[in-house]
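Coming up is one lone chain in structure tokens, specifically the form predicted alone.
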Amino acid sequence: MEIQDISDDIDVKVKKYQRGESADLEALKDKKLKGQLANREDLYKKSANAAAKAEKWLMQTEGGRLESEGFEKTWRFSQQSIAQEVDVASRKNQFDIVLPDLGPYTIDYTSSGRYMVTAGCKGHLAIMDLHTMKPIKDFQVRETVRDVVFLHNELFFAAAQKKYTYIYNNAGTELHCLKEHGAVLKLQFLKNHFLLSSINKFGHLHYQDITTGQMVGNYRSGLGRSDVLQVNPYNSVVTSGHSGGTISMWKPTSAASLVKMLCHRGPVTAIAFHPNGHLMATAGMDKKLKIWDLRKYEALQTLPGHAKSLDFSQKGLLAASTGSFIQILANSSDSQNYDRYMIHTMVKGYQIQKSRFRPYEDVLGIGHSMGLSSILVPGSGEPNFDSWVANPFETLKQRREKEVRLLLDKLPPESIILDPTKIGTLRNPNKIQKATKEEKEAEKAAAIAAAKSGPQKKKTKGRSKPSKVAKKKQEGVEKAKRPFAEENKHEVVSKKKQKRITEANELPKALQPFVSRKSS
């Protein structure tokens, strides 16, 4: 009986990984094509079975989810009712820390979700171990802090302060002062490239390599002040939102933006990316929340509402917060449209600054004007962690080995492109490559030699005299030279035309119509 249950469970999981119904190959008459498609269908079945078995035996922890019965709605469940149904370990993740004199607060998590760094607008910085619920270090920098972000691990973090950006260690010691960034409003860290990205109050975008200290890129956005900056986890492209309703996508090796999109009819207030990198959520002052498909650059869904902070969870839930209200949106299995999943209202007067999902936990962290809060969101976190990627229980030795491995696997800034699958493929020739002068001369000489040494047809008496043969060879040489002469003539004409256009452009605009069109 147990074997039958396991087999049924695997069959259910196989359906999740299948690529739709198999093609009807009986109607095909081409035997070669039929065989190729049959082999591909077998490969798809084997990969679906392997993925289902891996999920069954290696990922034994299943994610939770709020489920309603009858006329119940999941968004009507309160945090008190959820806390009564979860275990003690999950219940301790629900907390409130009241710090009314130092807010509003912004937060960030490490990739493993174990450590949290917080920054109060009035200079309070702190690191907390969320497993033991004890602070590692908190200190006061005595000036405005606008943003904070962890670097490659919990030992280092960067804080955007009043005039400059500073890098601290977990003991609160100042390690570096990054004066070239200026008065930064937002920070982002590109973990695969070890690049610290920032945008300051003048709209300047900076990329700095934290391993060498080299400034990789320093570009003007040209769209004014911006305090919205987010990195796409799929391709490491940084996206900034602007007051004109546009967003711009950047890479560190290009002074011009890769993509510029008009998303809203008002200033953009928040941007978030789905973990798969193909969906983007934007919010604007036009009181609209939009979901975009980045493969086609078109809006999939438009929802009413305003959001100051947006964030996607590992499982694809979307948290949108404004004022003292948070709503979590989820897409159902049978539809790609996002709908309301949960809501949470803070104490009246609390103004939310930033909300972030905690990795590998069903938790949403909230930084607001009166301190810090953490609420439970069932189904938001990935239940199975890969210790090779992010290990919440890693030891000191494992952390050191991981740091060395990450530095060895560090990617160069040139590898940041919109479609990373193109890396390693051949580029299609967009333009016909013109041959060089030496190549043209060699080709011309080869054509002349072929014309001279070509076999001559034997003709009747009197028509194959040496003079006639020499004349025929000379005609063949002239015929071989003719295409090259015509090509040179076209090049000379185009150069003269370009020269005439350049001379005409140098004249005053009023005299340009009187320039002679005859080639000089």
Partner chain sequence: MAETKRNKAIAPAKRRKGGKEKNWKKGPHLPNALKKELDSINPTNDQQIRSDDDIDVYEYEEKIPDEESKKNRRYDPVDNFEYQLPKDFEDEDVPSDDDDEEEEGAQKGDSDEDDDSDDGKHVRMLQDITGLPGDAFEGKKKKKNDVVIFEAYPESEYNPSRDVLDGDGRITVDDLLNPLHGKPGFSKIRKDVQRMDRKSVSIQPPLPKPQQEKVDRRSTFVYSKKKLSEYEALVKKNREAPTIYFDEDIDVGYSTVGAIASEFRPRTEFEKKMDSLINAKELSEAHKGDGARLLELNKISVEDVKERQDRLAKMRNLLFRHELKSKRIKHIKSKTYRRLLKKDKSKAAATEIEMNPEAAKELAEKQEFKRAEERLTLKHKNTSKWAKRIKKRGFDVQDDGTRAAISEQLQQHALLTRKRDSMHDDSSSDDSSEEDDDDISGDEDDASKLKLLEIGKKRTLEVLDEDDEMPKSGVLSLPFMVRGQKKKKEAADEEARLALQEFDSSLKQLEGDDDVKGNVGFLSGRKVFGAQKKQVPKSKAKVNNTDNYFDNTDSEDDADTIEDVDDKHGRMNYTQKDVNIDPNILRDESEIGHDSLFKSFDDISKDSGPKITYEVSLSATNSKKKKRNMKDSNQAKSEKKAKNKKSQVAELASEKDTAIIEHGDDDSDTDGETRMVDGIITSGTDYELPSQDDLIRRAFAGDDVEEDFEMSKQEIMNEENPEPEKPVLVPGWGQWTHIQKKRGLPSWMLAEHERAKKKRDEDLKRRPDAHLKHVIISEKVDKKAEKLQTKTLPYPFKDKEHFERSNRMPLGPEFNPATTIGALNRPEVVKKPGVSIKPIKLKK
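Numbering follows the first chain given and starts at 1. Basically, rigid core = biggest C-alpha set you can superpose within 1.5 Å across the two forms. Since this is a predicted model, take the numbers as computed values, not measurements.
If you look for the form predicted together with its partner chain, you will not find it shown, but the lines that follow are about it.
When its partner chain is considered in the predicted complex, only one residue from His193, Lys354, Arg358, His264 comes within 4.5 Å through any heavy atom, namely His264. Gln140 is the sole member of Thr211, Ser332, Ser78, Gln140 with a non-hydrogen atom lying within 4.5 angstroms of its partner chain in the predicted complex. For Leu43, a non-hydrogen atom is located within 4.5 Å of its partner chain in the predicted complex, even though that partner is not displayed. Among heavy atoms of Ala447, none comes within 4.5 Å of its partner chain in the predicted complex. Contact annotation for Thr425: at least one heavy atom lies within 4.5 Å of its partner chain in the predicted complex.
Contact annotation for Gly323: none of its heavy atoms lies within 4.5 Å of its partner chain in the predicted complex. Of the stretches 106 to 114, 160 to 168, 311 to 319, 129 to 137, only 160 to 168 has residues with a heavy atom within 4.5 Å of its partner chain in the predicted complex. Using a 4.5 angstroms heavy atom cutoff to its partner chain in the predicted complex, all of Asn39, Lys201 and Ser257 count as contacting. Along 366 to 384, these residues reach a heavy atom to within 4.5 Å of its partner chain in the predicted complex: Ser369, Met370. The two forms, fitted on the rigid core, differ between this form and the one not shown by less than 2 Å at the CA of Glu67. Once the cores line up, the CA of Glu443 ends up 2 angstroms or more apart between this form and the one not shown. A shift of at least 3 angstroms brings the Cα atoms of Lys15 and Leu294 nearer to each other in the predicted complex than in the displayed structure.
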